[in-house]
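Shown here is one chain on its own, the form predicted alone, set out as structure tokens.
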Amino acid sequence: MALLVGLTGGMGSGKTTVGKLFQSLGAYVLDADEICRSLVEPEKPAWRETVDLLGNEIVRDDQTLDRRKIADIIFNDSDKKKALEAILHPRVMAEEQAIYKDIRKGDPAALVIIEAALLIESENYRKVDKVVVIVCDKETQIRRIMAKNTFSQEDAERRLQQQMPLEEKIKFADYVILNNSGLTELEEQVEALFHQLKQLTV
């Protein structure tokens, strides 16, 4: 029996790294962010709706959307953030379910993981069998965000303040991965959890 698992955490918690580790062990990993990007390719319905909502200034010369400009707009305008999520979330979730269905046809015992920053906020957690939350201390989060996005500490802290606190996300978790230490410890946790989840697909 296939198993659909939601993998989430805050900015800088290590979702991408954990997703890659699961994939290296044999899980199918769906990146909600990548799916979202494909849905807003030039002239697709969600592209047009997003441009209508946020304005032509988010469109680059090649007609692709400027994600940094979009982020700047929605982090400063909660109404536009909600409106954009209403455009994108249902489409992303529908696409995830369609991909999951296709994977199950070819591999009835598949372990499929959806890596999604807003798994809980979008209520997509209701559509998965298990929820995994990655947590780390705030200082580590801020350091990783600054390194990855070239944000100032103030910008990093402001972004975190607008996200659901990790303490809240943990309440929805079936499993928690702690990512404060090095890669070796993280690999050990992911491998152990992978085998636990695979047992549920037998």
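Rigid core (definition): largest C-alpha set, two forms, superposition within 1.5 Å. One-based numbering along the sequence shown. Given the structure is predicted, the values throughout are model-derived calculations rather than measurements.
This next part talks about the form predicted together with adenosine-5'-triphosphate, which is not shown.
Under a 4.5 angstroms non-hydrogen atom cutoff, adenosine-5'-triphosphate in the model of the complex lacks residue 60 among its neighbouring residues. Among residues of the shown chain, residue 159 is not one whose heavy atoms approach adenosine-5'-triphosphate to within 4.5 Å in the model of the complex. Contact check for residue 23: no non-hydrogen atom falls within 4.5 Å of adenosine-5'-triphosphate in the model of the complex.
Using a 4.5 angstroms limit between non-hydrogen atoms, residue 183 touches adenosine-5'-triphosphate in the model of the complex.
Partner contacts here mean any heavy atom within 4.5 Å of adenosine-5'-triphosphate in the model of the complex, and among 143 to 151, 51 to 59, 168 to 176, 64 to 72 they occur only in 143 to 151. Taking adenosine-5'-triphosphate as positioned in the model of the complex, the residues of 6 to 30 that bring a heavy atom within 4.5 Å of it are, in sequence order, 10, 11, 12, 13, 14, 15, 16, 17.
For residue 170, the Cα coordinates differ by under 2 angstroms between the shown form and the other one after the core has been superposed.
Once both forms are fitted on their core, the CA shift for residue 43 between the shown form and the other one remains under 2 Å. Once the rigid core is overlaid between the shown form and the other one, residue 64 does not reach a Cα shift of 2 Å, moving by less than that.
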